[in-house]
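A single chain, nothing else alongside it, follows as C-alpha cells in the form predicted on its own.
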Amino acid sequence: MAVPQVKQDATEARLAGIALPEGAGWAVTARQAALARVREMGLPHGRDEYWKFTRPDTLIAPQAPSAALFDAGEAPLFGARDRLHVVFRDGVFDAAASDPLELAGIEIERLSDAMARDIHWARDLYGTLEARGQTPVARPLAALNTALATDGLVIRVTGKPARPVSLSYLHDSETSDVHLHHVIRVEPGAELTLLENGPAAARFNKVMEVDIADTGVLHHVRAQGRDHERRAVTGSFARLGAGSVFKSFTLTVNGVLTRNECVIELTGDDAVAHVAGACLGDGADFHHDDTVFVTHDAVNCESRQVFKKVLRNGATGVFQGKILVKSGAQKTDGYQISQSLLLDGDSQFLAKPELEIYADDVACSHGSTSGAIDETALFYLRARGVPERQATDLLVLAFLAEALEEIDDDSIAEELTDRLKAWFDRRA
C-alpha cells in the first residue's frame, strides 16, 4: 500500500540531511534495511490506527523541542543498591561516571564498539527483533532508531550475575535529541536484573531488543525521568524461548509526552511474559501512552499486562493492549487489565484492549475501567482522623499496588513506592 503523501513529506523532512553511522558491513546493512523500512512505512501520523490517541508531531519533527532541565533534589534512584552502574549523558556513554564494564556472568560492551567489529554475536540480533515487530502493526520510530542509533549496550548473559546492571540516563542539554539502542541476549539457564532510570534527553528514542533462550530469565525495572518537559518514545522487543521468563515494569512520573511500546513473542512452550506499568500524571500538558502487543505462538504460555494510571489537572493517559493467540498455542493463559484513577473531571483515559484468538483451549481475559476516588473508602479514613490529602494519597498507592506487585524484588518495589510517596508530598 502506498504511503500517503502527507506521511511521505513528514518522513523525508525528518530524514533530510541525515547520514547513517559507519560500522562493519553487517551493521551498515542492518541500518540501511531499517531506513528502508522507515521510508516504506512512513513515520506515524495522527490518522494511523495506533496513533489516533497520541499526536506524534513532536516525536517526528526535524528538530527536537527544547526541554528545560529539572532537578528533583533527590538522591539518585537505585543509588544505594549494589549494582554495575552504567551512565549515559545526553545519549553518550560516560566512562568516567560508569563502573568498569566487567561482571561475572555477563559480557557487556558499548554498541558502537560491537558494531565496528566484523564478527560479533550481536550481528544476528541487531534490528532483527525490531523488524519482526513491524508485523502486523508498523512501528516506524523503532525502525528509525535502528537506523540512527550510535550508542547503547550489547549484553550477553551467560550466568547469574550477583549484581543487577543499572543504567542511568542523564539530561544536561535542553536541546538533546537521542537515539539509544540496547541488544540483550540471555543464554539458556542464565538470569539478569536490568534497572533503568533518568530522563535521558529533551527528546529520547530508545529501543531494546531482548532474546531470551530456553529457561533464561530477565527482570527489567525502569523509572522514566522526572523532567517536566521531556518527550520520549521507547520500544521493547522480546522473544522468549521454552520455559523462559521476561518481566518488565515501568514507573512514569512527569514529562510532556511518553509513549512506551512493548512487543513480545512467546515462541517456546511454557514461557512467561509479564509487562506492567504505573503512571502518575499531573497537568494538561501530560500525555502518557502504553501500547503493548503480545503474541502467543507456543503451548502452555502465560502473559500478563497490568497497567495503572493516576491522572489529575487535565492529564491524559492511553492504553492500547493486544493479545494474539495463534492456532497452535493451546493452553494459553493471557491476562490484561488497564485501569485509571481520575482525580478530577478534566483528565481522561483512553483505552483500546484487544483479543485475537485462533486456538480453542485458552484462558484469556481483558478489562479496562476508569473512575474516581472511592468516596466510601475516603470517608472511612477521614472518619478515623486521617487528613483528606493523606487519605487520598493512601488510596492512590493502594490503587497502584497491583502494578507494583509485578516486581519480583520486594526491595525494588519498596524503593519505588517511597519515591511515589515523596512525589505526593511535593505535590501537596
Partner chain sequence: MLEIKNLHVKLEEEDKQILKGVDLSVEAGKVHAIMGPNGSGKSTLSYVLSGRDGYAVTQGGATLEGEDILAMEPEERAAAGLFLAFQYPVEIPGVGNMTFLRTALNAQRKARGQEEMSAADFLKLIREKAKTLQIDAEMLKRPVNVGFSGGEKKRNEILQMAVLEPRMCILDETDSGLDVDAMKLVSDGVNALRDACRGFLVITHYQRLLDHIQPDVVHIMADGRIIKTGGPDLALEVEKNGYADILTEVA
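Model, not experiment: these values are computed from the prediction. Positions refer to the first chain, counted from 1.
Unshown form predicted in complex with its partner chain; subsequent notes refer to it.
Determine whether any heavy atom of Glu388 comes within 4.5 Å of a heavy atom of its partner chain in the predicted complex, and answer yes or no.
Answer yes; at least one heavy atom of Glu388 falls within 4.5 Å of its partner chain in the predicted complex.
Determine whether any heavy atom of Arg382 comes within 4.5 Å of a heavy atom of its partner chain in the predicted complex, and answer yes or no.
Looking in the predicted complex, residue contacts with its partner chain include Arg382, since a heavy atom lies within 4.5 Å.
Please tell me whether any heavy atom belonging to Thr376 falls inside 4.5 Å of a heavy atom of its partner chain, as the geometry stands in the predicted complex.
Yes, Thr376 lies within 4.5 Å of its partner chain in the predicted complex.
Quick one: does Ala398 come within 4.5 Å of its partner chain in the predicted complex, counting heavy atoms only?
Yes, Ala398 sits close enough to its partner chain in the predicted complex that at least one of its heavy atoms falls within 4.5 Å.
Could you work out which of Ala61, Val28, Leu394, Cys364 is the residue within 4.5 angstroms of its partner chain in the predicted complex, going by heavy atoms?
Checked against the cut-off, the match is Leu394.
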